[in-house]
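Below you'll find only one chain, the form predicted on its own, shown as structure tokens.
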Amino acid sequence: MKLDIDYVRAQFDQLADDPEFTFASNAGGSYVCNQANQVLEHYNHHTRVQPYSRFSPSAEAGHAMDRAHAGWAEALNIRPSELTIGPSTSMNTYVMAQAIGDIWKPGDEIIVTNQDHEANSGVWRRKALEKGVTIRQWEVEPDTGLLNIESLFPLLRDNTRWVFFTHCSNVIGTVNPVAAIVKTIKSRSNACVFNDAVAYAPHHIPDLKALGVDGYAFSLYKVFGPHQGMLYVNKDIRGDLTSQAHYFNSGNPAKDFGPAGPQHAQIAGCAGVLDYFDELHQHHFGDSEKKRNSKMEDIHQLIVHHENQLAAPLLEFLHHHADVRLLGKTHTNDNDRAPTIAFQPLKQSAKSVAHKLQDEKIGTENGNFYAHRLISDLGMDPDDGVVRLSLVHYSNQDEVNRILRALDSAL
């Protein structure tokens, strides 16, 4: 079975705004599916009051928020009490740095990578410096930017408290084998593991219990929805962390890691993304009694095949171009290469190439994309950075062909 790309594209009205424009900056923020927009429109038109009172529309507003919260817990195969919906992943990790780091002490160690977006790096580093905790860096391979699990082993010690790494780099684009890495970490240490999945979730909503992580975060505005961040914290470690809520809300799972009031309409709109995924599954597989997380796996099988077909010709072109340094894996053969493709032009600036592509109505950008350490450590100017082409499952082959023609001209 193949992904019905015409059906998919019909769920995103913004794709029809300019048929000649190709959006290739999805890793910075995707289009919003029609279903999420419908929920937001209804909420703002009919239930825009303080939620959770007995009167209507307040009760309806609270129900809309609860529907999103419960639905996403089911999709991720976690308990509702393990899920916090906050304004963004960067804000969620900042809050978690205060909650986690409060119990660190001199002599403790943490491991971070130089592959991550700064949201899953800087907050932990700053807190470690504040608490006198040793920071060890899991280094990427200098030619590809990939992480090698063998180089992690020497960093793990008895006093390693946490390991922070990304499910998929927003620049390298290659998916890290999280379940295998977590299993290795926990077999060699007592460390907890936190994963940033901002660049992975647009391509797959995973089963978090199967991954074995203790913390997991991604941003829904890059997964076809409102500007919100999903944060999972394993119930088994919550008691060791410091609540970030008002003192009278401390111990409330819904509020411990949300120090500010929730963004009511935006949270309600998160349910619209699930409505889209449900309809996508029903369209391809028919009516089903499967749990939502199992439906996500079915959808993933369709998406990974389609996205491989999108990425393969772009990787092939860039890999064999003499004037380009391609980062990450050069192929999709292992089904672990997201269509987030970054390259360094060798004979002109990344900015120049990005501008040429933009002039051809290709929506792309250049820069370090908040992976400043990675770009610097790979020997590139972090201000100019790389050109990044990022596609998702609503992208199609016609758009890939347009990108290839524009690349050939720009390079």
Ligand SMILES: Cc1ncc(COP(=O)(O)O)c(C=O)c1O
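From a predicted model like this one, the values you see are computed outputs, not experimental measurements. The numbering used is simple: start at 1 and walk along the sequence shown.
Just so you know, the form predicted together with this ligand exists too; it's not on screen, but the next bit is about it.
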Residue among S90, Q244, N234, T184 with a heavy atom within 4.5 Å of this ligand in the model of the complex: S90
Heavy atom within 4.5 Å of this ligand in the model of the complex: which of W104, Y221, F277, F317 fits that? Just give me the one. Y221
Where does this ligand sit in the model of the complex: which of 130-138, 286-294, 146-154, 192-200, heavy atoms within 4.5 Å? 192-200
Give a yes or no for H117: in the model of the complex, does one of its heavy atoms lie within 4.5 Å of a heavy atom belonging to this ligand? yes
Proximity of N170 to this ligand in the model of the complex, heavy atoms at 4.5 Å: yes
